[in-house]
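Next up is one chain by itself, shown in structure tokens, the form predicted on its own.
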Amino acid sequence: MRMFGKAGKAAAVAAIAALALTGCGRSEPSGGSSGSAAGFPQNSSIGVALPQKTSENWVLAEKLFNDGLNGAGFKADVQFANGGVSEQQNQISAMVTKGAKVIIVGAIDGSQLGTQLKQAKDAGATVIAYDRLLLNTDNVDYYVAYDNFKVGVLQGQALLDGMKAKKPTGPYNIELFAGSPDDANAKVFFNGAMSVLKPKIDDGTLKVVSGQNSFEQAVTQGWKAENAQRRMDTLLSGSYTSANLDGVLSPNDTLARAILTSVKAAGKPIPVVTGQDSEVESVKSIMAGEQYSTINKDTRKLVEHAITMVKDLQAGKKPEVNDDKSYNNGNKVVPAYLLEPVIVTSANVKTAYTDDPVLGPITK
């Protein structure tokens, strides 16, 4: 399902190579996975360490992991770290102590779990990075995620397409938002979008009126809606007293809705706003003609493949990967299985979720 042509894929890879701060880069594998090849009993404990409940998808993942792992005969140990990084560190250590054979980690901060991941590996567990890459450690075996650079590319293109549909010719005034700087995915999303947007900024088609066009200036700490809304309030009062705002790059749906709330409170016309995660309220917003786009990253498919990896490991088989070159975490190239994200706008919102038990009925 990968949609990059040769030129697009080359550009994506080149841009990924620039992600030194997040540890994502392109290089050749330095060695194979150290995941268990001997298998383990089917009723073994499987740890799943998830971050804070910052989006609907994380909450859904908890249920899917519990149901899927327990249904397959494993003993699921699924934990949220709503208390922050130190809580997640303690949770992973506890999973090791309880004898987890596989530990699946959706990290709050993928660079701060080195000690706990070493404990896991020393105990013979296989470590799978889920959705977010684990950074600067040899002690991770696999990575399962959606193609996060592609997510950013789709968001950047949606922003351009949405503004052009409203106003056929530029220039366009835009603002840029990024996710939390402690999330390894945040800069990947941003750089994917900027691979599309920066050429248009450089040629004058797009103007970032505030001048805040770097990742560091655009970040939203903790992916918190209130932080995005506060920054949007400031941008509107400081840069748009007379100028019109045509579009906003938002990295996910929660922040998109916060941005729209700010715009409405300021009495401004609604700009084109992107998103990600297919959250219920944002899908409704797209149908109502407010939020322009989201990204469908079906959590069911992501959890399903993570559990498939566990089943393969239990049977003594090497899990399937489809990318063993792109994800250098700073210490090693992590074999990855990447799923394909799908852009959703009003044009396809009624067909994008036909088999989704929650969103399907809403979009009929």
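Note that the structure is a prediction, hence the values are computed from the model and not measured. Numbers for residues come from their place in the sequence shown, where the first is 1.
The same protein also exists as the form predicted in complex with a small molecule; that form is not shown, yet it is the one meant from here on.
This chain is displayed without the small molecule, yet in the predicted complex the stretch 131-139 from 257-265, 233-241, 131-139, 190-198 comes within 4.5 Å of it by heavy atoms. Just one of 55, 329, 314, 296 comes within 4.5 Å of the small molecule in the predicted complex, counting any heavy atom, and that one is 55. This chain lacks the partner; the member of 111, 229, 89, 185 within 4.5 angstroms of the small molecule in the predicted complex by a non-hydrogen atom is 185. At a distance threshold of 4.5 angstroms between non-hydrogen atoms, residue 250 is out of contact with the small molecule in the predicted complex. Contact check for residue 223: a non-hydrogen atom falls within 4.5 Å of the small molecule in the predicted complex. The closest heavy atom approach of residue 246 to the small molecule in the predicted complex falls outside 4.5 Å.
Proximity of residue 277 to the small molecule in the predicted complex falls within the 4.5 Å heavy atom cutoff.
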